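Just one chain is shown here, as C-alpha cells, and it is the form predicted alone.
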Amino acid sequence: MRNITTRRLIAWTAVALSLTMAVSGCARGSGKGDGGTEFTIKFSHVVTPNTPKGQAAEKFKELIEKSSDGRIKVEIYPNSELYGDKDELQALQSNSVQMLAPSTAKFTTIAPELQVLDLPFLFDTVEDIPKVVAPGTTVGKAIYNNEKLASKKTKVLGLWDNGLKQLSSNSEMRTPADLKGLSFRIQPSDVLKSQFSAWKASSTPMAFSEVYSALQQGVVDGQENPYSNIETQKMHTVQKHIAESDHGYLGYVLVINTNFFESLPKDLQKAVTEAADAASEHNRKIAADVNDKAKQAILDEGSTKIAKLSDKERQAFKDAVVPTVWRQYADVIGEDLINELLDGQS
C-alpha cells in the first residue's frame, strides 16, 4: 500500500512539474513575465523583401534584436506568406500577429479618416511627404492620434513610404479621356473608386497578391502602384504602357497590437518605439532609390513603354479630381482638414 502511495505521489509530482513547465513555456511565447522573458514579434506583410516596406521591416528586425539584447525576436513573413490583404488586420487585432504595415487604404472601415492619404494629388513630389504627414501636422494627428485605431487594439508606430503611384495598362494614357472605359484594380478605398470614376474608368478592389494574374487574364485592364511594386510583382510584363503620373501616394501605417505592446516591460516598449522610428527614417531614405532602380529595370526589360506626363498633361488629370473628389469626402475625412489642405493647394 505504501509503495502504491509513493508511486502515486511521484506520478502526481511529475504531472505537476509538467504543467508548470507548460505554463512557463506559454508565458515565454506570449510575452508575459519579468525582465528576463523573451518576446516574439510576428511581422506579416504582403510585398517582397526587396521593396521599401520589405527592407524597412528587415531594418526594424535588425535594430530591435540588437537593442533588446535578443530579448525580442522578430519573425518576418513577407509576400502574403502568412496573411494577405483580406485578413491581416483581423490577425493583428486577435494578436495572431503582433506587427503589420498595411497600406493606408486598408484602414477604410476601421478608421476612415486615414483616407486622407488616398486623396489624389495630395503630394506633387516625394519631398512633400514628410512635411505633410509629420506627427505634429494636422494630417499626422489624424493618423498617430486616431482614437478609432486605438479602440481596435492598434497602436501606430510610424508611417512608411513606398512612393508615388503610376498608372499602367495596355493602352497609352496621356489624358483622362484615354482612361474612359478601362477597368483598374484598386485597393479597397472609396476615395480611389471616386478617383477613377472621375476619369470615366471603372475600378475593382482586389488583393495585391491577385493583381498580376488579373492583369494577365484581362480581368482588369490596368492598375496603379509605385514602380517598386510594379517591377517586383512583374506587373509590367503584362502591361504595355505606364504613364508616369505621380498622381497618388502609397504609404504604409506601421502598427503593433496594443495589448502586446503594453505587455512589454517599459524598457522594451521604449526600444520598440525607437527601432520603429529608426526603421521609418531608413525607409524614407531608401524609398526613392528603390523606385528609381525599379523604373530602370522596367526600361531595361524592354516590353513596357513609360511616358512621363508633362506638367500640362498631369494638370489635366489633377483638375478632374481636385477639388471635386476631395470635397466629396470632407464629411468622412474632416471638413477642417480638407479646407486646410485645399488652402495649401492655392
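Please read these numbers as outputs of a predicted model, since none were measured by experiment. The first residue of the shown sequence is 1; numbering continues from there.
Below, we turn to the form predicted in complex with (2S)-2-hydroxybutanedioic acid (LMR), even though it does not appear here.
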D85, K106 and R185 each touching (2S)-2-hydroxybutanedioic acid (LMR) in the predicted complex (heavy atom, 4.5 Å): yes
Stretch from 248 to 256, 167 to 175, 133 to 141, 119 to 127 whose residues place a heavy atom within 4.5 Å of (2S)-2-hydroxybutanedioic acid (LMR) in the predicted complex: 248 to 256
Contact label in the predicted complex: Q239 to (2S)-2-hydroxybutanedioic acid (LMR), heavy atom within 4.5 Å: no
Residue contact check: A56 to (2S)-2-hydroxybutanedioic acid (LMR) in the predicted complex, 4.5 Å heavy atom: no
Contact test in the predicted complex: W199 vs (2S)-2-hydroxybutanedioic acid (LMR), heavy atoms, 4.5 Å: no
Distance check, I41 to (2S)-2-hydroxybutanedioic acid (LMR) in the predicted complex, heavy atom within 4.5 Å: no
Answer option from N146, N225, S194, T154, heavy atom within 4.5 Å of (2S)-2-hydroxybutanedioic acid (LMR) in the predicted complex: N225
Sole residue of I298, I64, V47, L309 within 4.5 Å of (2S)-2-hydroxybutanedioic acid (LMR) in the predicted complex, by heavy atom: V47
Sequence-ordered residues of 229 to 249 touching (2S)-2-hydroxybutanedioic acid (LMR) in the predicted complex, heavy atom within 4.5 Å: N229
